[in-house]
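One chain comes next, on its own, written out as structure tokens in the form predicted alone.
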């Protein structure tokens, strides 16, 4: 089995950029410690590459060219595209693996149509998690984008199908692959409601996710999600894709709605691949 780790985490820019404004610093450090546990688990898995399934924020793709799915296919990437001082992450080159990306993409394309990009400037959706999960930026990364921004959004069953295709692709290569889905759960970025978090909705979604209950995960409509979780809630697609790839239940390692300066329900979780071995 080439998939050796599967997990999810939050990716809001405030997680790094507004760290100094947090009032409950002990809770902030608990969140950061959960990220570090995820880092340790990825390293302990022996992963040779990290596939990051994220939601783009109009940094590379816009309404004149908005692929439903896109895989990065380069030997290196650059980021963050945002102001490094604002995000509090130094701009750098991040290693990729174009050959691995090509092989993964070819396998995914047997069942799901995907675009690919040989140039990609990472925004906070990828670079914030990498800042914690690969702090030395020494593990090859394969970035994957699911359109969670520009309607028409990919239907949730197709996000599930993409996750299944990603799993088949990972299992078809000899490299040991870790996959992480990043996004928000409920959040209202770049709106007057920024900082609002619907904890009840988040916890219900996370319960479905950790049970890996396909029917329950695919039961959301975009209208319901928008009303209850904001436009940022559309990013559940990245989490759902990882659940489909993992095929097993998971463990919620951290969640809090009590860091509103980060403007997202802060989450770290893994799927229990070892239990299925």
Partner chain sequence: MSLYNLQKVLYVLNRDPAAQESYRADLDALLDSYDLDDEERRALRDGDIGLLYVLGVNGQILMHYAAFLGIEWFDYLDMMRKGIERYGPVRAGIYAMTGGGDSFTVEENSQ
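Numbering follows the first chain given and starts at 1. Worth saying up front: this structure is predicted, and the values here are computed from it rather than measured.
Just so you know, the form predicted together with the partner chain exists too; it's not on screen, but the next bit is about it.
Exercise for review: Answer for residue 44 alone: is it within 4.5 Å of the partner chain in the predicted bound form, judged on heavy atom distances?
Suggested key: Residue 44 lies outside the contact set for the partner chain.
Practice item. Tell me, yes or no, whether residue 196 is in contact with the partner chain in the predicted bound form, where a contact means a heavy atom of each within 4.5 Å. Key: Residue 196: contacts the partner chain in the predicted bound form.
Review point. Quick one: does residue 221 come within 4.5 Å of the partner chain in the predicted bound form, counting heavy atoms only?
Key: So residue 221 does not count as contacting the partner chain.
Review point. With a 4.5 Å heavy atom cut-off, would you call residue 226 a contact of the partner chain in the predicted bound form?
Key: Judged by the heavy-atom cut-off of 4.5 Å, residue 226 is in contact with the partner chain in the predicted bound form.
**Study point:** Interface stretch in the predicted bound form with the partner chain - options 208-216, 229-237, 247-255, 35-43, non-hydrogen atom within 4.5 Å
**Key:** Result of the contact check: 229-237.
Point to revise | Full three-residue contact with the partner chain in the predicted bound form, heavy atom 4.5 Å, for 16, 78 and 137 | key: No, the candidate spot makes no contact with the partner chain.
Check your understanding: What residues, if any, in 179-203 have a non-hydrogen atom within 4.5 angstroms of the partner chain in the predicted bound form?
Key -> If the 4.5 Å heavy-atom criterion is applied to the partner chain in the predicted bound form, 179-203 yields 188, 189, 190, 191, 192, 193, 194, 195, 196.
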